[in-house]
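The chain below stands alone and is given in structure tokens; this is the form predicted alone.
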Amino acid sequence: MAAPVPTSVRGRGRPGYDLESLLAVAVEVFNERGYDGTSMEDLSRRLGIAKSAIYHHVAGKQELLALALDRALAGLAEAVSATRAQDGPAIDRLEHLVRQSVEVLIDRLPYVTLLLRVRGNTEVERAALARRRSFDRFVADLVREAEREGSIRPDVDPAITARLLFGMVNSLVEWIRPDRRAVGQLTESVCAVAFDGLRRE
């Protein structure tokens, strides 16, 4: 389901910027100006290099977008895989997924922020949104399973519960600042607010 990434990425680039550092700056500008509002000239000015130096690494800004969104989506895919490997009640696996997702968000904050702002205006964005919907379905399925097991209150639609739960997680991008020392406390706070309300007495 991954968006196709052009094969123009070369091994080593020109001095000063490798692909990784170029991508980090591009994501910063995309988040500030919006992807559609960012031109290659904007990236060139922010980087302080000629546009030709950017093209030495990538075919254009769409490739940068694809690489950036894949960075966020790969983190969520890893969280899903880790959750699938868990045993035990669905409510515990759902909580595990939330914890993993918060860690991904903090660890890859600029990339997740960009993912949450795409609107499907390009093929790359539509492919990313399809992968996000797959993640949402996995969450909703876990909620349904937890309801069937009697662990979660049954008076809220599972799809709505899933959206509300990860709406809270996703809202962190609007105010959180990366701080690995605080990730444990933040994760505990999110789970306390969410699961104290979800679990049946």
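As the structure is a computational prediction, the values presented were derived from the model and not from experiment. We number the residues from 1 along the sequence you see.
Note that the form predicted together with a further copy of the same chain isn't included here; everything after this is about it.
Between the options 53, 168, 47, 40, the residue in contact with a further copy of the same chain in the predicted bound form by a heavy atom within 4.5 angstroms is 168. Among residues of the shown chain, residue 190 is one whose heavy atoms approach a further copy of the same chain to within 4.5 Å in the predicted bound form.
Remark: residue 81 does not count among the residues lining a further copy of the same chain in the predicted bound form, judged by a heavy atom distance of 4.5 Å or less. Although the partner is absent here, residue 96 is not a contact residue: none of its heavy atoms lies within 4.5 angstroms of a further copy of the same chain in the predicted bound form. Using a 4.5 angstroms threshold between heavy atoms, residue 153 counts as touching a further copy of the same chain in the predicted bound form.
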